[in-house]
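We begin with a single chain expressed as structure tokens, specifically the form predicted alone.
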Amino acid sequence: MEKIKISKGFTTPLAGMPDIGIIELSDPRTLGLSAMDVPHIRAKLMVKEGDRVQTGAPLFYDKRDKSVQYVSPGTGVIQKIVYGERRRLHEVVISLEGAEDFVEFDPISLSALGEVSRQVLVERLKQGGMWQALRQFPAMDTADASHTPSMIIVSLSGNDPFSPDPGVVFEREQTALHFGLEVLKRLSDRIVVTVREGSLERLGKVKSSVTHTVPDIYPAWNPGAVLYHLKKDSAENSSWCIAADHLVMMARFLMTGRYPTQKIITVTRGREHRPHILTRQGAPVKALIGDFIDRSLITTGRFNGRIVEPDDHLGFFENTLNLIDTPDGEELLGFIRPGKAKATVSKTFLSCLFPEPKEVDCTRHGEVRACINCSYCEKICPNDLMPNFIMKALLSDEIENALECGLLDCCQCGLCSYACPSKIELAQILRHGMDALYKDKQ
């Protein structure tokens, strides 16, 4: 087991760490399959309102590769199809029926896995709605099945400071995780399994599958940060990654022949210590967050992710919900207050002297300001980038300069935007730059 040294990142402890207990929610009335958390997809609907669907039946596919299907997380009737701006598919909502009816595939045992060809394995995963769990760097698009990656990175620790604890998620899934790793070995010669050092002792027997540990500094466990610190040649830039909970889902699908319908998520708000939640894929956000305060913002990541409404449903890639306070107005004489409870990157406030967990909010602390070249974004970037210089190159349409500054190494952790005193949306600008470059090459 190797140790990856990453010294930059967000080290301030945050309030709201989930309890390691777990509660199970009853089935909701509706489930949704969202297209909003799937990057680059060009969705084509295969159903209409009023259609009855089985669990695992395809609801839409990606126009770029029609064999990559996105399937229903439940059995019922298509209640509503929601569109966003420019008629972009937002989500498909299914009204659940009482009895579960699955689309059935032939199960594969661990002993028979070696006899199944790579092509058959890939096609089965595409038909079953599980292939999209594999993402390809640097654009984090769906993995290209015709490409053999140099390595596949498996993150046991999620992609958020409050992602579900791997000890909780994999306590009952050791067999499935082992099966999933055997599947990945059919796709690449090098499998990298990472976990936070703080979670290592709670892993039990799963610990033997870990190849690399990373420090408990956000976002050291982000696959993009891991790749940056491991890669040695350009061929590794197009490696793949997969979250460990998706790997378990993939394994359970192949082992049982049925689409897995459950997932473990966390919901954090303020200083509450909520337990982990076992719920359905595509559960409604409203049923997960409980009481909702209008001035709170609901996001699927503390520093990144998307903003969701209470009527939305949780996406395939999302397993955290954060309710972040959005105070009204400005704080009177806030610039001269000691700030004993404020999280700070620059150590401006006295809070840097006290180790207790801090809360963060969504305020800009003032109007929109220009970049002042303070370099706080550079000091906190885990991949040693200079986001401020990349931003200026992108805004000047100097793509070559942005690439020379390492645009494609951005892991989209969102810390640069958080650390920026001017509150410039650096992560969003870099994301748009990467997306535009990727679309031009397609």
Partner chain sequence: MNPIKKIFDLTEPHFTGSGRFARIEPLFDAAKTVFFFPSPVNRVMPFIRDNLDLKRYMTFVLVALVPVILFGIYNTGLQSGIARGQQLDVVAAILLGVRYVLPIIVVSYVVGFFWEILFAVVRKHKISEGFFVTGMLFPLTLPATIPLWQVALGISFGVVMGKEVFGGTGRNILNPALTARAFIFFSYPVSMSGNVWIAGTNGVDAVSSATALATTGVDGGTITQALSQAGFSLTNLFWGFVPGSIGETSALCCLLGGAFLVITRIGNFRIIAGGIIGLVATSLAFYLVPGNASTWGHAGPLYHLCAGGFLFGICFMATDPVSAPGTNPGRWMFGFLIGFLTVVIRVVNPAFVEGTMLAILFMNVFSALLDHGVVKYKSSKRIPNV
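Bear in mind that the values here come from a model prediction, so they are computed numbers and not experimental data. Residue numbers count along the first chain shown, from 1.
One more form of this protein exists, namely the form predicted in complex with the partner chain; it is left out here, but the text below deals with it.
- Note on the interface: of 118 to 126, 80 to 88, 197 to 205, 365 to 373, the segment with non-hydrogen atoms within 4.5 angstroms of the partner chain in the predicted bound form is 365 to 373.
- Though the partner chain is absent from this view, in the predicted bound form it lies within 4.5 Å of a heavy atom of just one residue from 110, 278, 191, 360, which is 360.
- Between the partner chain and the residues 58, 28, 406, 39, the one pair within 4.5 Å by heavy atoms in the predicted bound form involves 406.
- With respect to the partner chain in the predicted bound form, the three residues 138, 384 and 423 uniformly fall within 4.5 angstroms at the level of their nearest heavy atom.
- Remark: residue 379 counts among the residues lining the partner chain in the predicted bound form, judged by a heavy atom distance of 4.5 Å or less.
- Among residues of the shown chain, residue 317 is not one whose heavy atoms approach the partner chain to within 4.5 Å in the predicted bound form.
- Residue contact check for residue 99: none of its heavy atoms lie within 4.5 Å of the partner chain in the predicted bound form.
- Mapping the unseen interface onto this chain, residue 344 counts among the residues with a heavy atom inside 4.5 Å of the partner chain in the predicted bound form.
- In the predicted bound form, the partner chain lies beyond 4.5 angstroms of every heavy atom of every residue of 163 to 191.
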